[in-house]
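Below sits a lone chain in structure tokens, taken as the form predicted on its own.
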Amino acid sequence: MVGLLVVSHSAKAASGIVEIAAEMASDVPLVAAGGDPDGGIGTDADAIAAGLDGADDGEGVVVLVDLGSATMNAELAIELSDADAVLADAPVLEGTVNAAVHAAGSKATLDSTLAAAEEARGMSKL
């Protein structure tokens, strides 16, 4: 099954997003990587790399990020990882939920799960 990794500057935000997505798709590998190594606001490439390993069961990982340095550190972690991982250009919460629901399906692939995450860019909330 395709896994999902949520990367946020806030450990609480990353964990909360994973918690919401798990309500919709509890069987999908969902991992949070948030905060800096000291428990503050920031991101950590090593924690992201560990998250990639945790989310990967051999089908690949879609990575969703919140802001600037999360993208840079996720790209670095993906380069250094053995996991087949892709970075989604999607809003982190909505994209994670879309991707999780999609990944729970029996026909989900890494590419189709990435597309499901990125479809969230156009979602209207009204």
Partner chain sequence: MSGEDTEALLDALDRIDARLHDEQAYLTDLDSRVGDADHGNNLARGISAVTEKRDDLAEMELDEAVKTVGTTLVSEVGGAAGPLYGGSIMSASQTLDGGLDAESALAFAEAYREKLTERGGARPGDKTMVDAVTPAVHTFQRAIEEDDLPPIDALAKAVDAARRGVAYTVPLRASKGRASYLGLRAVGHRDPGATSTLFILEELLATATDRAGEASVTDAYADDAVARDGASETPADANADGAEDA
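Positions refer to the first chain, counted from 1. None of the values given here were measured: they were computed from a predicted structure.
The following text describes the form predicted together with its partner chain, which does not appear among the structures shown.
Among the residues 80, 50, 86, 101, the one placing a heavy atom within 4.5 Å of its partner chain in the model of the complex is 80. The candidate site formed by 37, 45 and 76 is fully in contact with its partner chain in the model of the complex, as each residue has a non-hydrogen atom within 4.5 angstroms of it.
In summary, the region of this chain contacting its partner chain in the model of the complex, judged by heavy atoms within 4.5 Å and restricted to 23-31, 37-45, 50-58, 90-98, corresponds to 37-45.
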